[in-house]
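Heads up, the chain below is alone and in the form predicted on its own; it's given as structure tokens.
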């Protein structure tokens, strides 16, 4: 939604304005605009900006207390935040807990069924192309995001979902789905960006299934601000419970090609004793590390490569791969 790039001094999106103050700080200003259908439908609703800013403040405070690195520094007034300037990835992440919206149209399935487990999807941020769904391998191959960064973004997104879904349930709300944007700061660290409000998520009342989000505007179902006010009131009244989930990192270490691997040869012969022909077997090491601290203070990629190169592997004869779970 917001393209935060240090070389730009100001950027006006569909519903927010970003002003770069310096290399450390920018202003994110919420406006009263509302749009749908890639901007084809639009209006200006008095007070909407302040409502979305308040919801964003509530939810980002919860996420920060749950160890999620966010771009918000502080709230300056009813519609303005001071934030970290970021270079936003040109892809956004959508987490789905219940079937609704484009996934129903895509597969011809009815709205409302809860998914067996949360579904994470990646979309290109391009209004002219109508934000197409892409695979993870395409996102990496086209250079939209590095493979390591994508793993970290996915881990952050799933933690965000677990925290929000748990607390929305306490407020009598169903968190149907929501979208997230992430970006890099000047040091290469990754932060959750943009906002969280009725504009960027689908939320239903738990008892009545009443929609309290932008679908009210999209589908002409009534007063969208009434839904936003209900959502903000419910969220502001509950006692939030921060959740801290471990960040699990798997490190797979294998011998380089051409390096003798006697252990692999032993396993190869054992497998072939079962009548299964194999080309080769390479035996390596699997290490899993779990982290439970706040994540924003770490340059994960740099630190993991340093640990692997100086401690866990012998760079002369071994290679490693990092998987974030």
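Residue numbers count along the first chain shown, from 1. Keep in mind the model is a prediction, meaning the values are calculated, not measured.
As for the form predicted in complex with uridine-5'-diphosphate (UDP), it is not shown, yet the points below apply to it.
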Is residue 102 a contact residue for uridine-5'-diphosphate (UDP) in the model of the complex, using a 4.5 Å heavy atom cut-off?
-> yes
Touches uridine-5'-diphosphate (UDP) in the model of the complex: residue 84 (any heavy atom, 4.5 Å) = no
Residue 89: touches uridine-5'-diphosphate (UDP) in the model of the complex, heavy atom cutoff 4.5 angstroms | no
Heavy atom to heavy atom, is residue 168 within 4.5 Å of uridine-5'-diphosphate (UDP) in the model of the complex?
-> no
Only one of 123 to 131, 75 to 83, 237 to 245, 148 to 156 has residues with a heavy atom within 4.5 Å of uridine-5'-diphosphate (UDP) in the model of the complex, and that stretch is 123 to 131
Report the residue, out of 231, 94, 160, 190, that has at least one non-hydrogen atom within 4.5 angstroms of uridine-5'-diphosphate (UDP) in the model of the complex.
-> 94
Contact residue in the model of the complex, chosen from 178, 204, 182, 217 - any heavy atom within 4.5 Å of uridine-5'-diphosphate (UDP) | 178
Counting only heavy atoms, which residues in 17 to 39 are within 4.5 Å of uridine-5'-diphosphate (UDP) in the model of the complex?
-> none
